[in-house]
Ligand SMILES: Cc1cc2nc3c(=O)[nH]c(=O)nc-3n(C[C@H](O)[C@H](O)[C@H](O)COP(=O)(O)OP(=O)(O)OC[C@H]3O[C@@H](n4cnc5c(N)ncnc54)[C@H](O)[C@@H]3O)c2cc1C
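Just one chain follows, in the form predicted alone, and it is written as structure tokens.
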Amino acid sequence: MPSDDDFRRRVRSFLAQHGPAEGWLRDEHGRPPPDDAPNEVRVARARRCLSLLFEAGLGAISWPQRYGGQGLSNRHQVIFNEEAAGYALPLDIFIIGVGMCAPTVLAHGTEQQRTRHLPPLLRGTEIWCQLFSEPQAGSDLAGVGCRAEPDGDGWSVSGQKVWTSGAHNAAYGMLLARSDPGSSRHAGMTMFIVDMSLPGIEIRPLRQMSGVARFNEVFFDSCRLDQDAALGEVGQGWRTAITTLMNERVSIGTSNPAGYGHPASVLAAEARRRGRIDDPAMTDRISQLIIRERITALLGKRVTEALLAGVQPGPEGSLAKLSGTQVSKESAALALEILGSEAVAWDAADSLAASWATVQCSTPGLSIAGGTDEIMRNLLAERILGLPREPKIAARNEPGGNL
């Protein structure tokens, strides 16, 4: 196994060799290059990046070799992440599959499921999506109503999922469905691995106000699954889902200290360009944002250190995710104050100017993605501060419920 220093030099060499030619370089403020390419181009670019990583022995670094990984340590993965943070590797298409679905398959799948699905998942030849949220079960995921009914030696699935990222690109999905119709809340759910090309599945794009369509509605109409499609124990889908959710929040919370908004350095440069940097109120706002970015980065490092110590993702991931969301929203609001109307209207020939509006349109959704801010606060209050659970009103199918 390579030493930390040798591995770091190897990663630096790879990035220096491929970064400029592949268009992975960030600007002086750490922003990625504008990307308005068609979907098929984005997918091809992402798969090429992952292919280059595997050719260099830098793909799936800490995953077991028997499942297609390099068999190195978590610390080697952290070293790679530290070096790659200075580049804009186009791997966001794989974050759900590699960052959320793969750990769930590894933790709860049968050996047959692991050997079949993990190698192509890790290499990006099969993209995955996460089929959790429903129109009536988003933040309150325990209210899932999509049904999986026994059907001979398999299952018949009917229902709807919504806000499914990347379903239009996915070969497989991880579906949470209610397999016991008499159950309620967290009981009676099962997780399934679903071939997204099966009959009875319809995928409809949801166009966002930013103009892109990267989320989808997915409809199941008597879609038949084999018996071995169940991931984890039948009826224990909530336990399986928790593994996915914890990894999702860690992925979101540790991805970028500046969140998904504008780095403070970008806003400082823009304020300086417009002659507003000497305004004490503006200086204070930018300084506060720099502090929040630093706090978010440290929270991400704390989560990373816990993972290196062998601790499974917990509420710390929720804290990092919540902090990153707040930083993003604060930076977007400050950008709007600095630029005024130019943050939402721009010259179509100026692709960089469009990034201001893209952030303004995209940032509100961060309060929902991976669990709402309110759910994150409840988790932190209950699991870290030890406060009482928030009162809940029983649903009609629960004891004492009449709603």
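Source: prediction; values computed, not measured. A residue's number is simply how far along the shown sequence it sits, counting from 1.
Just so you know, the form predicted together with this ligand exists too; it's not on screen, but the next bit is about it.
What stretch, of 77-85, 196-204, 277-285, 160-168, brings heavy atoms to within 4.5 Å of this ligand in the predicted bound form? Going through the listed ranges, the match is 160-168.
The unique member of 27, 35, 374, 337 whose heavy atoms fall within 4.5 Å of this ligand in the predicted bound form: Partner contact (heavy atom, 4.5 Å) among the options: 374.
With this ligand left out of view, choose which of 354, 52, 369, 46 has a non-hydrogen atom within 4.5 angstroms of it in the predicted bound form. The option sitting close enough to the partner is 369.
Residue-level question: is residue 132 within 4.5 Å of this ligand in the predicted bound form, judged on heavy atoms? Yes, contact at 4.5 Å.
Quick check on residue 215: any heavy atom within 4.5 Å of this ligand in the predicted bound form? Residue 215: yes, in contact with this ligand in the predicted bound form.
Quick one: is residue 99 in contact with this ligand in the predicted bound form, heavy atoms, 4.5 Å cut-off? No, residue 99 sits far enough from this ligand in the predicted bound form that none of its heavy atoms falls within 4.5 Å.
This ligand contact at residue 109 in the predicted bound form, heavy atom, 4.5 Å: Residue-level check for residue 109: no, no contact with this ligand.
Relative to this ligand in the predicted bound form, which residues of 25-41 have a heavy atom no more than 4.5 Å away? Result: empty, none.
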